[in-house]
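Okay, so here's just one chain, in structure tokens, the form predicted on its own.
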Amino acid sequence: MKIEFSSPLSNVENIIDSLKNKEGSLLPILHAIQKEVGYIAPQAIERIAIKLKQTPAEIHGVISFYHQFRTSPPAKYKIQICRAEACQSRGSRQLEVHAKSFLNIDYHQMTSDKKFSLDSVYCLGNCATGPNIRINDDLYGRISNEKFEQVLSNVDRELK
């Protein structure tokens, strides 16, 4: 399959070619493609398989083993809730329940409007201000259920 130069996958060939000869190249290739494109498209899986002389099923097996790899475009806002001990002791479990109910999704899912996805993370390195969440690259602390809703409303308004 040919990848169009102007498509988001146009740099996939370059990424694969630049890393394919390194020992254990599959994970670095997958990370680089996801960083560049935001996800690993089926066309990219096919190209990786051909260039690494593996089957698409083998590549997909690695992708599905690591939950941080995506095979579809990401949500506009990626929400991560910290599940480390310090955040749990400060209410992150209750926040998880509220977030899932408020967004009407479970972990590793995306809202129907593709605006929010929800994932767990084990320690955001901000234990003194738990429970913590991260939305894309921004960290928020002392998140109550009410503050969660407020933060989501504000980030969506700010980035429009």
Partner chain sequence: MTMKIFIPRESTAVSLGAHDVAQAFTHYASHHDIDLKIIRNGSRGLFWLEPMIEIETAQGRMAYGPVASSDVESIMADITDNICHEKPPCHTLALGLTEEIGYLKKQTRLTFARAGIIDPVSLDDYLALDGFKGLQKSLALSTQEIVTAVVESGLRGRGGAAFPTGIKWQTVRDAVAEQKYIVCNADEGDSGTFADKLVMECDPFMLIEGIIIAGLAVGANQGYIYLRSEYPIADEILQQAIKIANEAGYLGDNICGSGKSFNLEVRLGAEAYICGEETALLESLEGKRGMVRFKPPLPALEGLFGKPTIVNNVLSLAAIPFIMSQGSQAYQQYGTNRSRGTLPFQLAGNVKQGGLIELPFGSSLQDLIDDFSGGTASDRPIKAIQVGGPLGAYLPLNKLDIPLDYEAFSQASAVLGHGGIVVFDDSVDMLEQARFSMEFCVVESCGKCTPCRIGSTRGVEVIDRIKNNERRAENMTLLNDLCDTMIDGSLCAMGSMTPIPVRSAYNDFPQDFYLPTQESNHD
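Given the structure is predicted, the values throughout are model-derived calculations rather than measurements. Residue numbers count along the first chain shown, from 1.
Heads up, the form predicted in complex with its partner chain isn't pictured, but that's what we're talking about next.
Just one listed stretch, out of 110 to 118, 37 to 45, 64 to 72, 97 to 105, contacts its partner chain in the predicted complex at the 4.5 Å heavy atom level, and that stretch is 64 to 72. Taking the partner from the other structure, its partner chain in the predicted complex has no heavy atom within 4.5 Å of any heavy atom of P56. Proximity of I135 to its partner chain in the predicted complex falls outside the 4.5 Å heavy atom cutoff.
A residue is said to contact a partner when one of its heavy atoms sits within 4.5 Å of a partner heavy atom; I50 fails this definition for its partner chain in the predicted complex, lying far away. Although the partner is absent here, R83 sits close enough that one of its heavy atoms falls within 4.5 Å of its partner chain in the predicted complex. Contacts between stretch 21 to 36 and its partner chain, counted in the predicted complex as any heavy atom lying within 4.5 Å, involve K22, E23, G24, L26, L27, P28, H31, listed in sequence order.
By 3 Å or more, the C-alpha separation between D137 and L19 shrinks in the predicted complex relative to the form shown here. Between D106 and G61, the Cα spacing is larger in the predicted complex than in the shown form, differing by no less than 3 Å.
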